[in-house]
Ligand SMILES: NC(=O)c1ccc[n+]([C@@H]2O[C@H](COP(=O)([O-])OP(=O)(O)OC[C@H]3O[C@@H](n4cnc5c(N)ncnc54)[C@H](O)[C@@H]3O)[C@@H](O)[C@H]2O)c1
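Presented below, as structure tokens, is a lone chain in the form predicted on its own.
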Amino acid sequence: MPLRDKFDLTGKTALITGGARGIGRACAEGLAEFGADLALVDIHAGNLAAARAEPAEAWGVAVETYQCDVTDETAVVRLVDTVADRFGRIDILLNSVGITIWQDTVGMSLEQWQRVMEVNLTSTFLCCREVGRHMIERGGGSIISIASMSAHIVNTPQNQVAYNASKAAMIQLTRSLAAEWASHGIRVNTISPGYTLTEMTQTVPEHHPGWCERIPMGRMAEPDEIAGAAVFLASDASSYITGHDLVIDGGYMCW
């Protein structure tokens, strides 16, 4: 098969959590550009309403939106069943839900720690488990989770121990699933962005200059600069890649 054809996602369905804004939204647009139908999932009705407001021709593929708390096991089971029934298949799962809490460790409550772990890690496990069941039955698929360079380094000046730990655990979860499910034709990988201009980081513009000083490329990423990696890992162009963490950090980890 020509390499160009391996990027074609026509006829495939992608379920994207956190898919209505930020990195998830940018990845959704990228996957749609290469032909994948979309199931966009978000907990916020307003984000989903904005996605639904896009004219169908802007997406060029079938798009459905689903409001769901992906930390709720029952809700995730129902979500995956609903999407599978609607589209008849789930070929791609992109986990793009995440929160952070900036807090010194000695001041962090157990509730804060648990909330970050629940949103960043437990939701990824639940979505992988339920979509994994479906993919095993169908004989394959690609699962991609948005981790972070914070899985590899300790950020400065902000202290975010729970976020860093949750993203590191996400990578090990991914490697474990990659080994466990390889025989079922399921590939499982992570993307680890560096500082990216999303709704989350735009709330703290005062930190941008200090962050950019530590990035060899001298700037933060745009969300669509993460989307290309998602298309690659979702497609047959990456058919021999599993258990891998693809870092997109503008060179931050070089220094």
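For every residue, the number given is its place in the sequence shown, counted from 1. Given the structure is predicted, the values throughout are model-derived calculations rather than measurements.
What comes next is about the form predicted together with the ligand, which is not displayed.
Contact with the ligand in the predicted bound form holds for none of 169, 190 and 246, as no heavy atom of theirs lies within 4.5 Å. The candidate stretches are 144-152, 129-137, 85-93, 103-111, and the one lying within 4.5 Å of the ligand in the predicted bound form by heavy atoms is 144-152. By the criterion of a heavy atom within 4.5 Å, residue 23 is counted among the residues contacting the ligand in the predicted bound form. In the predicted bound form, the ligand lies farther than 4.5 Å from every heavy atom of residue 40.
In the predicted bound form, none of the heavy atoms of residue 33 sits within 4.5 Å of a heavy atom of the ligand. Contact annotation: residue 68 falls within 4.5 Å of the ligand in the predicted bound form, judged by heavy atom distances. Residues of 170-196 placing a heavy atom within 4.5 Å of the ligand in the predicted bound form, in sequence order: 193, 194, 195, 196.
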